[in-house]
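There is one chain below, alone, in structure tokens, taken in the form predicted on its own.
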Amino acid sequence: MSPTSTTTAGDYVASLRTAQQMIALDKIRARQKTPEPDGTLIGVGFATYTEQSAHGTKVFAAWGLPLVPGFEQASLKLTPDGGLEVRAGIVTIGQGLETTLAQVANEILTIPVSRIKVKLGDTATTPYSTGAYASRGIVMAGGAVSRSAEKLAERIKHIAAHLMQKRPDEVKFKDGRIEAGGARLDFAEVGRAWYLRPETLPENVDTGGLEVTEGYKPLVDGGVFSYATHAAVVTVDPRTGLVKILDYVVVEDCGRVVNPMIVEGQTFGGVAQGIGTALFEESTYDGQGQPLASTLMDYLLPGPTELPSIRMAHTETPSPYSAHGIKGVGEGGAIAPGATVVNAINDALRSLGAEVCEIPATPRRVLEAIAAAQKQAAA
């Protein structure tokens, strides 16, 4: 895809090339020319995905769902002491929205994050929301917070300009304070004027006050698209079928990164889940349809000893359709590991003419693939 494509907003080829460099593909290819001392086989695999996130109204309506989401809303309130309250109906499920929504508000108003209180998912006090799903949180709720902050900023500037005897277009926010032509004042002084000293307000003040609720959805209703390239190096023991992951890298693009730590945390968790899908986790049933994996003794999950140290690189290609160019990221980490790991396994098995075509790629399935290749070669 073109780096300037307006529909995809990304450079997929560059993502793959960066992953090749990070995984040291040339060195892996050179290493494959010499047998491993322990008799294992080494392989490298890649997978690139694109994920539609923050699906819009038209998408859900086309699916014929009984509940169709529309605008996401957020309420912002400048408090009398100059702090900020953010209320949104979306719920937090561990994706760090309390932090990232505060950062979005800070981007516009510059009020310190430590002075921003975020309340989510309270049906008694927050605007209506359909919830958290489809990697929509920071795109939809973040956009609503951004739009509300912009509207609130206009009202604050109007009052601040009057207090400083300046024009509203001269007013700027910087480092948690309000400035205009050498004059400065705190947000608390604007709050004090509105809540406690209304006689100091301009005559044509917006009667909506210092509390704003706005709705938001992206310019294009079909969602936005994040993507990433994953790469893995594995060893396969042809005697036991055991697979070990030696290295794993992710080159991701979720548009503008609001909080790198949160993006990486979500991606690391997704990769761990995806590695489970690739190598361990399987729901099996007997002939009567009864589940055989009824406990975690039967349903294997990867633990710290099975997971590699994951390395990440970020690229930022802002979406042309969403506030601040943000794209969703939540589910992305879990999409590519199955293909990445199995591609690496099959690369390792190339010399044997074997190929695994089913996940999880358990030792039994690896040995079955090797046996099938040997049988075909002998025929």
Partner chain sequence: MKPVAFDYHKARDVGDALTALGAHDGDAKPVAGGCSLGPMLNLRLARPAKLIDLRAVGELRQLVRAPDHLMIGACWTHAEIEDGIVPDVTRGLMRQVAGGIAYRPVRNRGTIGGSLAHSDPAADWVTTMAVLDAGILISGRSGTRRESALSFMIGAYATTLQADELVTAVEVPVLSAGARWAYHKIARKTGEFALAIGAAVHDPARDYARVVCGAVEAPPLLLPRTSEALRESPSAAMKAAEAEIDTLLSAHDGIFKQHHNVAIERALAELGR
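Residue numbers count along the first chain shown, from 1. This one's a predicted model, so the numbers in the text were calculated from it and none came from an experiment.
What follows is about the form predicted in complex with its partner chain, which we do not show.
Its partner chain is not shown here, but in the model of the complex it comes within 4.5 Å of a heavy atom of Met297. For the chain shown alone, Gly303 is a contact residue for its partner chain in the model of the complex, at least one non-hydrogen atom being within 4.5 angstroms. Among heavy atoms of Pro238, some come within 4.5 Å of its partner chain in the model of the complex.
Among residues of the shown chain, Leu16 is not one whose heavy atoms approach its partner chain to within 4.5 Å in the model of the complex. Interface residue among Tyr216, Phe268, Phe280, Trp194, judged by heavy atoms within 4.5 Å of its partner chain in the model of the complex: Phe280. Annotated contact segment (heavy atom within 4.5 Å of its partner chain in the model of the complex): 289 to 297, selected among 134 to 142, 289 to 297, 185 to 193, 81 to 89. Contact annotation for 357 to 379: residues with any non-hydrogen atom within 4.5 angstroms of its partner chain in the model of the complex are Thr362, Pro363, Arg364, Leu367, Glu368, listed in sequence order.
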